[in-house]
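Shown next as structure tokens: one chain only, the form predicted on its own.
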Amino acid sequence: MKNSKKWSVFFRKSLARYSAGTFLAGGVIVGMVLWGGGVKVMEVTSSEAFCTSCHEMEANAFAEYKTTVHYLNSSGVQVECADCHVPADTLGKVVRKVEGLRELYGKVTGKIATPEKYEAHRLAMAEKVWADMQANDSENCRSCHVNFERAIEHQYEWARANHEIMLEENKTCIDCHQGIAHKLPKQNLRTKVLPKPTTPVL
């Protein structure tokens, strides 16, 4: 009788121990699958093929972008949509993907379905991107243009003069560099004024 009770206790303890271990192992496996799946979804939805898969982006934003120096340049380096529009950190990526649901809504409702509709919403779309870039100090720009502050003396006159003012006034890239990958909204067209050079022109 005593032996049967001992075996019964031992069996129950072993079952509880292995059940907890199995549950924990199962949780780890499920977590890894979800994490890996999430990373894959982030990767796919950040690809240029995905970004330009709808007619609205391909015919407007992407068509404009292909005429710019970020797409065609002597270095052969080609910037993709995500390089400018998707943050590098994981949390930022998740937030950007959630925000992207608005673009899906725009697609489904036909909000920017024609060139005329796209043009009518261009300013609002641009201002949202500009505000995001100002908020994060143009981190996507700086991820590629990493040495411009340290090598400012090697820049040509116009760039050096403007970048010195930028640093003095604590401005960020997007404050001046609007319309370099996409057309400026007609309501925001402006003439850049060349500041007085800080060094004499040779």
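Keep in mind the model is a prediction, meaning the values are calculated, not measured. Throughout, we count residues from 1 along the sequence that is shown.
The following text describes the form predicted in complex with a small molecule, which does not appear among the structures shown.
Asker: Classify Arg122 as contacting or not contacting the small molecule in the predicted bound form by the rule of any non-hydrogen atom within 4.5 angstroms, answering yes or no.
Answerer: Arg122 belongs to the contact set for the small molecule.
Asker: Please run the contact check for Thr90 against the small molecule in the predicted bound form: heavy atoms, 4.5 angstroms, yes or no?
Answerer: Close contact is absent here: in the predicted bound form, Thr90 is far from the small molecule, nothing within 4.5 Å, heavy atoms only.
Asker: His85: heavy atom within 4.5 Å of the small molecule in the predicted bound form?
Answerer: Close contact exists here: in the predicted bound form, His85 approaches the small molecule to within 4.5 Å, heavy atoms only.
Asker: Is Thr67 part of the interface with the small molecule in the predicted bound form - any heavy atom within 4.5 Å?
Answerer: Residue-level check for Thr67: no, no contact with the small molecule.
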